[in-house]
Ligand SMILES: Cc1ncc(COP(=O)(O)O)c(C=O)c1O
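As a starting point, one isolated chain is supplied in structure tokens, in the form predicted on its own.
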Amino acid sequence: MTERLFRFEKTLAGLERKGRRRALLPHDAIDFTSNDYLGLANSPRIKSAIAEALERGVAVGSGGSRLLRGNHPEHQALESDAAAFFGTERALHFSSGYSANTALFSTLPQRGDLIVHDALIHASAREGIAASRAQAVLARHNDVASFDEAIRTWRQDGGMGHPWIAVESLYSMDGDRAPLAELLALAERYDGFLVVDEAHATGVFGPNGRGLAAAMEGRDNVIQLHTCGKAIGVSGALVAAKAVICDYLVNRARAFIYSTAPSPLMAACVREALKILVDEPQRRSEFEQLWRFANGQMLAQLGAPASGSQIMPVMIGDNCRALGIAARMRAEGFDIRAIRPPTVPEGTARLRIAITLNVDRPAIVRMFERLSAISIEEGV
């Protein structure tokens, strides 16, 4: 290996020693790891929506950024439908949740403002925060007093701008919920904004799957991010907010301005998925029964407390041990992945079990039975 490449191999070898090297794995076992919560990724209705869109001449590619030739009527139709669905003045379509979070936090908070973000917020939000001109501080996970203290201290030190409170409504690695009502009250008290990443709640919780912050829709100080690649089953993301906020992003968010627009076909698919959420409420009710059943099995088989959602972490601690157990579960036909630092804090490597409508109760029972047996054998 040449010296030019050796530095990369050396880094990879170090990750291997720490049990932190990543690899791409096939999905050839029963799905206990995806975010396709409502089973829409393979929905016949969405497939039909693609076929129908192609038949009426919708292009596969957008051909450019939204500000150039890439602003397709399908994008505009989706944004209109999404604004009505999520009860906001406007919605803005991004190619991914990552780019949307990057755009939000690098653009909206201004110099002199303060961003207070939960310790476990998505990496994409952290990227945007790092690029922001505003001061940023971390708050303890789901600790309203910690958010309050950070803002109060900033004000006492002369902070004169607006605070921005940044959270996920349902946390992606722990499956617990943010205290949204208390955080909104905090934002109101300090004349601030609340940014809610609904990635793992959209489609699953709230009226018609509008998320855990549905009761806050339309407020001028609440911005919601709804990803389209999880329960909605397609790809991309929607920022739901006041019209002036979305227009500001169109004019100032580099992640929006300089990105090729999402495929118009994907916009058509998301439109159909939003209709499915309204037309097929039984998906959500069936799904809730399923993840509640899985929570019960986790308590019964592993003695682990229920998360109260479809995301159930099994804490292992050691990186290599988590990898080993996940590999054994995949070998027995259950696709479960190990989550390690830096995605989660040091010493909290875990198995992330995600329940979707792609599994049934017998599969859940078998999975937990095997996981319990393997955990005992591994000394967990």
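Owing to the predicted nature of the structure, the values given are computational and were not obtained by experimental measurement. So that there is no doubt, residue numbering starts at 1 and follows the sequence shown.
Beyond the structure shown, there is the form predicted together with this ligand, which is absent from this document and is the topic of what follows.
Under a 4.5 angstroms non-hydrogen atom cutoff, this ligand in the predicted complex lacks E74 among its neighbouring residues. When contacts are judged by a 4.5 Å heavy atom cut-off, Q310 does not count as touching this ligand in the predicted complex. Among heavy atoms of I165, none comes within 4.5 Å of this ligand in the predicted complex. Though the partner is left out of this view, S172 does reach within 4.5 Å of this ligand in the predicted complex, counting heavy atoms only.
Heavy atoms within 4.5 Å of this ligand in the predicted complex are found in exactly one of 211-219, 97-105, 281-289, 129-137, that being 97-105. Only one of T88, S124, N295, S263 comes within 4.5 Å of this ligand in the predicted complex through a heavy atom, and that residue is S124. Of the residues given (G203, P109, G236, G233), G236 alone sits with a heavy atom within 4.5 Å of this ligand in the predicted complex. For the partner-free chain shown, just T227 of 215-229 comes within 4.5 angstroms of this ligand in the predicted complex, judged by any non-hydrogen atom.
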